[in-house]
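Here we start with a single chain on its own, the form predicted alone, put down as structure tokens.
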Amino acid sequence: MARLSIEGLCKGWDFPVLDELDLQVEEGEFFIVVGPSGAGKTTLLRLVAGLETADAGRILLNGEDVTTVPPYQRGIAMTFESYALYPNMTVFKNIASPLVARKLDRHTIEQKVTAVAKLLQIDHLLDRKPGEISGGQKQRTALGRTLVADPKAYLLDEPISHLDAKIRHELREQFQTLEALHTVGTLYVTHDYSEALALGDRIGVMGGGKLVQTGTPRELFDFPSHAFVAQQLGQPGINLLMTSLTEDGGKTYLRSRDGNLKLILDEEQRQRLNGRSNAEVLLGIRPQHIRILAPRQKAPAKHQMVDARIEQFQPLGSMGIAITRAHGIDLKALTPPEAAHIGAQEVRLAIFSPAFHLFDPISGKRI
């Protein structure tokens, strides 16, 4: 049985926010909901925590319907993006507050608080109050208060979004090894796709009041069921081109609606588009599937070669991002860290055809 089960959940004000949303988080599963701002991710957590009242649907914990149960009786621990700390209490007392509410003995409280404070690298701040620490330290304090609890489920609302890059990376590693987060279901909300891919056992991409697709990180990244899902995962974002299906010389092409870029489809892709002759297709190409060839370098197998011009280049240390112009179309490409390109440089692109993503231009669904 799922540790956390959500069935047909609805919530709206002057407009719908959640529309018959279904979700199951298994015991010990780290489930991440990712999506743009305003998609309803925080509303979902607040409904599960009991801080908002659902218009319709059910929320079950270990098979028990808790839809109308008061928040303090649900046994859920939640970290808020806005911290929600007690300003008159020290960091120690803020973290210890759920343990004090459970009337644990002083030694156990000190032991648990000290351990989680060391994990979050705030053990030197335990005597300070929230007004005396930084925003990132406040967020770690709020996270610590959640981690010391012994709940039926964890709800984490962008718990590391305000931390610096080094601490975020360290906490991602800790999230993967923390035993507490893998004994009950954890529902983790973020707008950062890299967090979702790095941490999630499964991911749900939220849009239009529903989870558009759920699956493992690999499934969602390699086989997005919708163009919206493809856009939410990956940085730089996927190249999306409106194209028309054409036949020429016995070969099937996708020709860009803007510009004059032509790309050949392989047999498997052609079969998928069978019956769509002269129809429009939304083509997705991830930047890592576009390579910039060195002078006189041949295109690797299953790659198509296209002439282009560098419009902009961003060296990022571990990789580079090149924005190129090919036959009137802008295409983003990833480059090796040692690459260096200048504006207006003429180059040749090698595009890996088998990795094309084909979507219906009206519904956005994968073809």
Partner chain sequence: MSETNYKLVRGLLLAFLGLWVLLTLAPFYWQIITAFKSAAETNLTVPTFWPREFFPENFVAIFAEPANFSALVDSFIIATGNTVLSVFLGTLAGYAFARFPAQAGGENLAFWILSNRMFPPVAILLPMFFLFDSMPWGTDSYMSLIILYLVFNMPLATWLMMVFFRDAPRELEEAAYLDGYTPFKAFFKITLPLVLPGMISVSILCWIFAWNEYLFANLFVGTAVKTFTIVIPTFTQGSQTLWNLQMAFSLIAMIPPVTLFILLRRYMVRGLSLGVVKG
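Residue numbers count along the first chain shown, from 1. Here, rigid core means the biggest group of C-alpha atoms that superpose within 1.5 Å across both forms. Remember, it's a predicted structure, so these values are computed and weren't measured experimentally.
From this point on, the text means the form predicted in complex with its partner chain, which you will not see here.
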query	finding
4.5 angstroms heavy atom contact with its partner chain in the predicted complex for Lys103	yes
Ala49, heavy atom within 4.5 angstroms of its partner chain in the predicted complex	yes
4.5 Å heavy atom contact, Arg140 and its partner chain in the predicted complex	no
Proximity of Pro71 to its partner chain in the predicted complex, heavy atoms at 4.5 Å	yes
Region of this chain that lies against its partner chain in the predicted complex, out of 289-297, 188-196, 83-91, 265-273 [heavy atom, 4.5 Å]	83-91
Residue among Ser256, Ser97, Ser225, Gln111 with a heavy atom within 4.5 Å of its partner chain in the predicted complex	Ser97
In the predicted complex, the one of Leu147, Leu156, Leu220, Ile76 near its partner chain [non-hydrogen atom within 4.5 angstroms]	Ile76
After fitting the core, Gln232 CA displacement of 2 Å or more between this form and the one not shown	no
Shift of Thr141 between this form and the one not shown at or above 2 Å (CA, core fit)	yes
